[in-house]
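Just the one chain here, laid out as C-alpha cells, in the form predicted on its own.
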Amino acid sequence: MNTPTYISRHCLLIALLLALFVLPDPGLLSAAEATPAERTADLEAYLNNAARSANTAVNVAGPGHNAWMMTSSALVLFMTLPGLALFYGGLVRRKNVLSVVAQCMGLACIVPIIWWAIGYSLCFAKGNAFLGGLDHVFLRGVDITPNGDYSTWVSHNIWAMYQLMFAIITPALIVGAIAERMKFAAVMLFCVLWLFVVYFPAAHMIWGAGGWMNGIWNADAPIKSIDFAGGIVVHMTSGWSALVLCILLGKRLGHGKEPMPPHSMVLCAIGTGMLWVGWYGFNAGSAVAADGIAANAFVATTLSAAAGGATWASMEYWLRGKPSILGLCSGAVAGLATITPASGFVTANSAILIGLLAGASTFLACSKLKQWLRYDDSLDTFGVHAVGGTLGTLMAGFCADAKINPNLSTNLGAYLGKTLWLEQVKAALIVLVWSVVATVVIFYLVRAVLGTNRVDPETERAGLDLAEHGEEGYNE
C-alpha cells in the first residue's frame, strides 16, 4: 500500500467528519436544524455548484467559488487596464497613444460610479422584461449574501463587481473605431449615454432575471436566446455601434491618402497577450463558479483563440506572402470574441471550428469589406467584434450541447439541435437594430450639447495627446 496515499485519504476522511459533525460551518446547514445527512447533501451541493438544501439556515458564499469570481473580476479589469489600452495604444500613431489610454482609463473611473449609483440595478434588479428596477440603487441590499437569482454560492457584491468589469470594457471597445479624431469629452459623454440606452437594457434582457431574451433561465422569455459571456451584450452592441459612430464622425484626415501604420507592434502584441489572459476571466468566469462548465469554457477559449490567430496569419501568408504580427494579434482577438457567446456551451471540436471561421471572416471584414465600403474603423472594432460577435452568436445556436452545459436543458430542450439558431438570429437582429438607431440619436445629442464631437483639424494633425491631455507618450 502506498503509505502517503493511505495517510492522506484518512486525513481527508477525518477533516470531513470534523466539518460535518464537530465544527459548525456558517456556510452550510446549522447543526440545530439539520441532520448529518442533510449537512452532507449541502456540502455536496457546494462542491458541485448546485442549489442548497431546502433546510439551509444561513445563506453565505462558498469560499472557493467566491475566490474564483474575485480572480475573474480582476482578470476582466486586466483586459481593459492595461490590456485594451496597450492593444489600442500600439495600433494608433505615436502622437495619439495617450489619447486612447486616457479614454480607457477615463471609462474605468466613470463607469464604476454609474454602476454603483444605478447601473447595476437597471441590469440585474428585478424589474420588467426589458430593464431592471431600482431595488439596488447605490448597491442597496448588495452585500456578502448570495443573490439566488444569479448564484447560490457567490456573494452578491462580488457578482455585482464581476458584472461591472463587463460594463467598463464594452464601451471601451468602441474607442477603437473612432481613435485619433474624437474629443475626449465627447467620448466620455457618448459612452455614458450609450450605457443607459444600449448596454443596460441589453444586459438585462439577455442575462437579467425575467429578461425578455434570457432563454436559459426565463421560462416565459418570448425569445429563447443564449449568450454565455457577451457575444450579444458586449461584442455586438459595441461593434455595431462602433461602425455607425465612425461613419457619422467621418474619416481621419488623410485616410486613404497617406500611410497610418501602428506606431508600436510591441505594445500591440503585449496588449494582445494581456487580453488573452484576461479573457479566461471573461469566459470561464461567466460560469459564476469554479466548476466543470468553467473548465469547458476555459478550454474552448484557448482553442478558439489559437485557431483564430493561426487562420488569420495563414490567410495573410497565402495572399500576401508574409504573416504579420498584427495578423496574429487580430486573429487571436477575433477567436476570443467569436467564442465568447458559445464558450460555456460547446465542445472542444466546436471551439476549433468557431475559431477557424472567426479568423477567416474577420480577416475578410477588415481587409476587404472595409476597403470596399470605405469606412474608417480606425482599429477594426467593427471588423473584429461586431463580425465575430455576430458569427459566434449564430454558431452558439448551432453548436450548443447540453452535455457540456446541463443548464441548457432547463428551458431549451425543445430548441437544442433544432431551432435554437433561429432564436439567436432574432436576438441578434433586435440588438443590432437597437444599437444602430440608439447610436445615431446619441451622436447627435452629444454634438448638440458639446457643439462638435470631433477635434479641430489642427489638433488632429498635431495629435490628440498634447492638445487634449497636455502630455506626450514619449519624450525623447
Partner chain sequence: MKKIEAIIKPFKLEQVKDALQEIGIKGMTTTEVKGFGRQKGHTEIYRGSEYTVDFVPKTKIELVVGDEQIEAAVDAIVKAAKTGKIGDGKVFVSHVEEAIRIRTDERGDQAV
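Being a predicted model, the structure only gives us computed values, none of them experimental. Positions refer to the first chain, counted from 1.
Below: the form predicted together with the partner chain, not depicted.
*Which residue, Leu249, Met260, Ala360, Val197, has a heavy atom that falls within 4.5 Å of the partner chain in the predicted bound form?*
The option sitting close enough to the partner is Met260.
*Find the only residue in Met182, Cys191, Leu91, Cys123 having a heavy atom within 4.5 Å of the partner chain in the predicted bound form.*
Answer to the contact question: Leu91.
*Consider Leu379 of the chain shown here, and say whether it contacts the partner chain in the predicted bound form, taking contact as heavy atoms within 4.5 Å.*
Contact with the partner chain, yes.
*Counting only non-hydrogen atoms and a 4.5 angstroms cut-off, does Asp456 reach the partner chain in the predicted bound form?*
Outside the cut-off, so no.
*Does the partner chain get within 4.5 angstroms of any non-hydrogen atom of Arg374 in the predicted bound form?*
Answer no; every heavy atom of Arg374 is more than 4.5 Å from the partner chain in the predicted bound form.
*asked:* Against the partner chain in the predicted bound form, would Leu131 count as a contact residue? Criterion: heavy atoms within 4.5 Å.
replied: Although the partner chain is absent here, Leu131 would stay clear of it in the predicted bound form, with no heavy atoms inside 4.5 Å.
_Which of 386 to 394, 337 to 345, 223 to 231, 365 to 373 sits within 4.5 Å of the partner chain in the predicted bound form, heavy atom basis_ = Of the options given, it is 365 to 373.
*Going by the partner chain in the predicted bound form, which residues of 445 to 476 come within 4.5 Å of it through any heavy atom?*
Read in sequence order, the residues that approach the partner chain (within 4.5 Å, in the predicted bound form) are Glu458, Arg461, Leu466, Gly470, Glu471, Glu472, Asn475, Glu476.
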